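Taken one at a time, structure 1 and structure 2 that follow are two forms of one protein chain, written as structure tokens.
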Structure 1
Amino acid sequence: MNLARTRRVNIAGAIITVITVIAAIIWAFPIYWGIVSSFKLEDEVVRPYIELWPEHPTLRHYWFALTQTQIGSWYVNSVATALGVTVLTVSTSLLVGYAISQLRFPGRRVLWWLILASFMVPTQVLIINHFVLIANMGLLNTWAGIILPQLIHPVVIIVYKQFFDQVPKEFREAAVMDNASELRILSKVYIPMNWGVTTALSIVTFIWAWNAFLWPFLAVTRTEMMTITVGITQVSDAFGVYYARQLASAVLAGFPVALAYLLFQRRVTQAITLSAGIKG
């Protein structure tokens, strides 16, 4: 009986493993093909069939992207705006989450329900309002104009609130008895406890801001102010689009994010798990 059950478990495990491997290959193949094609000549890329390896490997498309475009400026803009979004989002969300969790003030529950309700509002719905507001403020084609509309992340607030809710009340009561201010309680008691959560949320927020396309595309018209995700759409000339150049530029654009994930994958997984748990 046990032997038959063990065999069924082994067969089921083998089937799941095979399905998982096949799904991983299907998911990874477009990435592999894009990277390999960035080393191909243009006529190899546009052939009507797929070649798994370049016939004549070349770095000319990377050289073009690095020397004939403003990719350096695009990198600087992406780093600056992504860092700005990350620092401001995490810091403000931490304060809001702490206030809703630990403080008592009029309208607290209404504010909390409004934050939860904001999940039902797609970001795209607010694009026109954001554009009109930023244009009236004269912030188009500026870092501030790119950063400010991207600071709304309800999930970060909710993660912080849930964390603060789980901290034993005795810590706060002891600090209050020592006449500590709210800012001191937050900085000396709560923040040291949640460095792991803050790090995970910061990494995921940075990656999200780095990959953002729609708003930076609308808020910026000057080439030198574009972020990397918008700038790579400009890698063309009077003769049309060169796909190999586009792919090489895309690889350069995605490399920092891929490196960040490889270095901090445990933290990224932690943040995704927290977010998925809330959205679920």
Structure 2
Amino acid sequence: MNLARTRRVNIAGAIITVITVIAAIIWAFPIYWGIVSSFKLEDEVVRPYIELWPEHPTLRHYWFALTQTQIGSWYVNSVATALGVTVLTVSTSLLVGYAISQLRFPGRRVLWWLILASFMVPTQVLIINHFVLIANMGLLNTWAGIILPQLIHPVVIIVYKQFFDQVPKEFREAAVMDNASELRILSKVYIPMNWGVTTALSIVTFIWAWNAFLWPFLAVTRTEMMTITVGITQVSDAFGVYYARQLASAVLAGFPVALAYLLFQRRVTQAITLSAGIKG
């Protein structure tokens, strides 16, 4: 009886495992393919049959990307703009989320609805306005120009508000009785009690900003001001398409994000669940 039961569970478990593994392979194969191809010679890449391993492994495409392109500047631009977007988005969203969750002021509801509504507007719709605006401000080809339109992330505000809502109101009341000013309540009670959310949101925002393509692509025309996502598209231009070379730069571009994923795996999953729950 007991045995039969364990066995049934094991069969179900095995089926699930097999399905998961197949899904993981389907999911991971293109990534594997891309990485492997970046180590192949250009003519190996375009062979009409599948080779799972490079015949003559080579680092020349990486060497090319690192020496013959401006990938160094692109990295710097990406890091600077992604960090800028992260710090500004998280800090402003935190303040807005706190105000909407904890302060009672006229117009609070309207503001909240506006934020929820802006969440429904895809940023692509606004991209022409953003371009005109940034161009008029003379900010094309600058970090500020890349950063500013990317600061609109209502979902970060929404997540913060929900977390602040969940803090039992006695903490606030205790702090009020303790003579704490609004800023001190925020900085000494609400932020420390929600460090997890801040970390998670920071990581996700950073990844969003790092992966951003459309806006940086429009906002920057000078090669040395490009972010890495835009920069890697430049590798092909001179003499048509070089697949291996492009893949090598793509691997380099994705590397920091992959590293971030690995280092903060749990937080990232948590953050994605948080924001997905809201988008859902």
Partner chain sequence: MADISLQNVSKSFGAVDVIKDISLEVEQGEFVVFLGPSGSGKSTLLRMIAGLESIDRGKLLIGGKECQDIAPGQRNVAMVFQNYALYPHMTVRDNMAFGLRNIGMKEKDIEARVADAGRILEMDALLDRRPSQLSGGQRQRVAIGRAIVKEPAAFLFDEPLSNLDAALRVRTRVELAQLHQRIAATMIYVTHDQTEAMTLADRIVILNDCRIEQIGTPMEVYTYPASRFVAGFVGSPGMNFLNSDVAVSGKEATATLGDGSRVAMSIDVPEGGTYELGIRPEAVHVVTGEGDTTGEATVVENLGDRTLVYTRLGDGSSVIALDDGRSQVAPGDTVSLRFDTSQLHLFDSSGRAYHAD
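Nothing here was measured: the structure is a model prediction, and the numbers come from that model. Basically, rigid core = biggest C-alpha set you can superpose within 1.5 Å across the two forms. By convention here, residues take numbers in order along the sequence of structure 1, the first being 1.
- One of the two isolated chains is the form predicted in complex with the partner chain, namely structure 2.
- In the core-superposed comparison between structures 1 and 2, the C-alpha atom of A258 has shifted by less than 2 angstroms.
- Once the cores line up, the CA of I15 ends up 2 angstroms or more apart between structures 1 and 2.
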